[in-house]
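Here we start with a single chain on its own, the form predicted alone, put down as structure tokens.
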Amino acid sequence: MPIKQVHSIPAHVDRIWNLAPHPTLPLLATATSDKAAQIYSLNTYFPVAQLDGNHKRSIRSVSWKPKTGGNSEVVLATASFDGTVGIWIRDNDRFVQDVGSTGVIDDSGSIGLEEWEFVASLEGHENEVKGVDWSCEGTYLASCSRDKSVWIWEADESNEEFECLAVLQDHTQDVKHVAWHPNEELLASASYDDTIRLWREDDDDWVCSGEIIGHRSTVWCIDFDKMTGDGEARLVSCSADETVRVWSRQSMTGKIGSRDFPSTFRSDPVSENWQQEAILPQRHSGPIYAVSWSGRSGRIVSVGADGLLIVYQEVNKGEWVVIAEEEDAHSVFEINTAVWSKKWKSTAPHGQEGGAEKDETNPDNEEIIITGGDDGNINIWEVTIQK
């Protein structure tokens, strides 16, 4: 099953650390070493906004707040090596309507970029902030840092005032990544201490509900399976030990929220038992920096220091095969991030008819892989399905 590069965007002069497609809009955010985040249209692959001037060092991670209920605001969180988390809100009166343009048209008729407002700076971490992620309903924001801690924040309705609900310090080394479960208020964190920890609220306190041990070196990235049923949970992890592993929750006890996994043992502390379900076929010959689990096809993609792009598919429960592999996916450069995204309909060139944020997808709910590396490029890939 071949993989094909369909587009490449020379996005930045320095390395791209992280990429985040918006969950419901054709927008892609980048985190880079040049202290800025950029927003790209996934209809045109043109830049539509540049977010800069507020962070003093590299932006390491970006995360979109889910649009839930009547909330129409487009909100982005940025995590920086300067020790802060930034909150940005798009000006809904000035955003790209014309899909062919590279920005908004101002009063003089010239094309500029969208306007975004920097509304909050979250301070408290004592060192570089490595990761940031919004919870499934946008209620909480998690951040992690080189200071070995994970912070959980709660925003007000304006997304301008944030309260720190918990500082979690069970990891013994640098925390590299955080990820929320797609349906539960369950947080996972990955660390330089070779472990993954699970966190959830218990009687108004956030506690470590589980620890996953198995990797033999730094765990760089984690992602939850988005296609599991109610009460089920699986996640994928990648490591400097050159392995990609899948873990599944076997059991859970203790008091939990009504929206979460049911339990009859209400007097016990929250506890989750996670076990290794599979080690995926080993192809990488260096640290694996990123994994992403598709919510459409159920496939997993991994990238790392060796420049390989690997796509895996589950053929039976816990049995995975490699279905696509690309060497030197960013030439001689390391690849730091890979994410799955909905394949949005490509729109007309500048001056022709189209709509920037219409839900126009290709047939069969197709998807793409988006990668970013030390070359500063964003590469777009498709996996060809052979029927």
Partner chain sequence: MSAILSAQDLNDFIGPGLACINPVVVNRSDTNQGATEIQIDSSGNPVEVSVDDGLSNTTATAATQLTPAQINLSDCLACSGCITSAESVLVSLQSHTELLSILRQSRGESAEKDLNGKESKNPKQVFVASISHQSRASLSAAFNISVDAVDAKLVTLFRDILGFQYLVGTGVGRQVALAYSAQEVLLKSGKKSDSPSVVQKTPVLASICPGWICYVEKTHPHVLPYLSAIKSPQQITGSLLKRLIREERGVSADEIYHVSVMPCFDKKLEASRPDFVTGEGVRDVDCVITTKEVVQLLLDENLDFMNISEAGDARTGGLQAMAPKLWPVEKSWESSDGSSSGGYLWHVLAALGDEITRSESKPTDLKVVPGKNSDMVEYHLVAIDGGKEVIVAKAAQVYGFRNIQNLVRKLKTGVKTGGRTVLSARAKKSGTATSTATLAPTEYDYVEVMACPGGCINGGGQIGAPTTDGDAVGLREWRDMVENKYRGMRSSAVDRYAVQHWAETIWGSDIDSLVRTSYRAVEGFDAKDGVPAVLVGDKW
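Positions refer to the first chain, counted from 1. Note that the coordinates shown come from a computational prediction; the quantities given were computed from them, not determined experimentally.
There is another form of the same protein, the form predicted together with its partner chain; it is not shown, and what comes next is about it.
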Though only this chain appears here, would residue 227 touch its partner chain in the predicted complex if you measure heavy atom gaps against 4.5 Å?
no
Is there a heavy atom of residue 139 lying 4.5 Å or less from a heavy atom of its partner chain in the predicted complex?
yes
Could you confirm whether residue 169 comes within 4.5 Å of its partner chain in the predicted complex, counting heavy atoms only?
yes
In the predicted complex, does residue 81 come within 4.5 Å of its partner chain, counting heavy atoms only?
no
Heavy atom within 4.5 Å of its partner chain in the predicted complex - the one residue of 297, 243, 271, 173 that qualifies:
173
Candidate from 313, 276, 127, 282 lying within 4.5 Å of its partner chain in the predicted complex - any heavy atom:
127
Each of 160, 185 and 205 within 4.5 Å of its partner chain in the predicted complex, by any heavy atom, yes or no?
yes
Thinking of its partner chain in the predicted complex, which stretch from 299-307, 72-80, 141-149, 246-254 has heavy atoms inside 4.5 Å of it?
141-149
